[in-house]
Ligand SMILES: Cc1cc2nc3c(=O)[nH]c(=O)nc-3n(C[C@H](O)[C@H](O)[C@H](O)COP(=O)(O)OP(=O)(O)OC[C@H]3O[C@@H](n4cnc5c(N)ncnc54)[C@H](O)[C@@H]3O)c2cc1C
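A single chain, nothing else alongside it, follows as structure tokens in the form predicted on its own.
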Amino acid sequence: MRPAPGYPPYALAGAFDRELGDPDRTDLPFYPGRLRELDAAEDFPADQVRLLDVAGLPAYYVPARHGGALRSYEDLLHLVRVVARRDLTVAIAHTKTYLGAVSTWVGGSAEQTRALGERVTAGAVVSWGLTEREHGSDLLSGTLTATRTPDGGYRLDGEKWLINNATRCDLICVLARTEPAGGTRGYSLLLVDRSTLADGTHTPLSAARTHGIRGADISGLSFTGARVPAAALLGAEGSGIETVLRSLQITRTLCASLSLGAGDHALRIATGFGLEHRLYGKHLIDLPQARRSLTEAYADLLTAEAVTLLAARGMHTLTEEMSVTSPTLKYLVPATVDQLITDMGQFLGARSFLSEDFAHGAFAKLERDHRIVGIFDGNSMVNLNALINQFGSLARGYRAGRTEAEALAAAADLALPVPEFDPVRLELTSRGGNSVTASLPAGADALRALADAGVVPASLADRAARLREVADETHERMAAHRPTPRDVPADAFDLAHRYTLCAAAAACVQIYLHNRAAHTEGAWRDGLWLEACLARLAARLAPGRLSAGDAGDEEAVLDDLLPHLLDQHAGGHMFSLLPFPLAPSPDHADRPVRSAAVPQLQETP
């Protein structure tokens, strides 16, 4: 991969995408027609996975300190994003190796991390065995046991179920009960090399038939007297639950890459349809409501991208706050993209249901495939509950304006390199609150100062000020919440949902403020993208309650986004805040660029 100049993670991911080849070539593995056939037959995408291996993706599953190529989680996130844009089944099937290995990076010894790093970069497949048939994501009820043997090793008995790549994996990281009574210190993690297990001591379980990602190996493993050495234990005995919870802070963040890729794919299909399809004697995109559907989706996708950029960089600089950042991102971005896909399905009408005759059935497939993203590594309720449990510290930190200013600036300024990630800094709860959300009042003040100086429109500062008021009220309600050990009230989940939208607004403001000087053209001019994103967030926080004037202003700012959306579509770029060139298509020059009703971008005078 030879990245071109620009934002380094996008340059790297763009070069990787071009190495995978034009997705419209019928002789290449990622041709949509071939992907449709695999999905219909529920066949594993072996050729596509092999291509990712050859292209070097496994090296980015291994941190550089352990012999791999991963230096910034930005890199991995956007590499996975370009794969997910092509096909979610392939992305989920391949990236499971990172999920299987992450507990070793977080809790393993130097020898364990070195050895696993060598295996993964050589192409070994690693799974993560957490869930069980009878207990699902209730990890503290797991019954698979690891019993000490006279030689100091362990004997595994029990099964893990609905495990990605369980049948195909070379190694599996298993969460096992090591104390009969269980409890938070009663579980341990063991990295099991299947090639060393005696015959008859482990049996693959049949793959489950699924609604989406039909070709993925979602199966399980049953262990009966499987002996593993003492060296298989990751960390101290009894530390398994804590290591898993720390590891999930990383994996939940990376899940956003799957949604960003799927969102780009859905919007790209819809935009192409809008440019080509005629209705009532006009191109569909010439109709105001159709244009609005596309620009709303575009603004929502840019919001998701801004939140994800800050979270990925914050893993390195605001590591101690990841117990807040990761569930916020894992809830917000998949939920946003789920809605985006639904909206684009309505835009496409009957064609969104076609499995062959429109876009090779790609839209119908990605709609099914993406539903799983909001479920694995903790579903929406799990992630919202993780925020509810921290309402007190979040409210106190917001009231005090408590931010790690230097670390926040380092995360938000995309021109700065991030420091090496140190998993030791991961905490189970954030005692100081969340720097990003707590920065919203100061961010709103900064936008007001820019508006007073004539740098940005007053309307942008007004939107930020209104969102600050919403955030103030939200945190007051969070402070008044009284936690209960069981039966969390429904309004607490609604409050956590509102918190994630406030966090998104704050993230967008920080990305804009720290990068506006370097980016003055396109949707950055006059803070256009930021105003559109804040308008959409305000509408989601108060649906149906915008005044007539606010609603009209929202429509105008969204209309101004359309030329930028169409330029990125025509230019073969990812829908993004920054230039993100992708693999070209041979018919690229023949694609419709815009209708006559759509204004051209104005050149800078």
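Since this is a predicted model, take the numbers as computed values, not measurements. From 1 onward, residues are counted along the sequence shown.
As for the form predicted together with this ligand, it is not shown, yet the points below apply to it.
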Contacting member of H370, R313, R463, K96, with respect to this ligand in the predicted complex [4.5 Å, heavy atom]: K96
Which residue among G432, G361, G443, G378 has a heavy atom within 4.5 angstroms of this ligand in the predicted complex? G378
Check W529 for me: does it contact this ligand in the predicted complex (non-hydrogen atoms, 4.5 angstroms)? no
Is A226 one of the residues lying within 4.5 Å of this ligand in the predicted complex, judged by heavy atom distances? no
Wondering, does P457 line up within 4.5 Å of this ligand in the predicted complex on heavy atoms? no
Does S137 make contact with this ligand in the predicted complex, using a 4.5 Å heavy atom cut-off? yes
All of F391, A438 and A506 with a heavy atom within 4.5 Å of this ligand in the predicted complex: no
Okay, which stretch from 412-420, 156-164, 272-280, 187-195 lines this ligand in the predicted complex, with non-hydrogen atoms inside 4.5 Å? 156-164
Under the 4.5 Å heavy atom criterion, name the residues of 120-134 that approach this ligand in the predicted complex, in sequence order. W128, G129, L130, T131
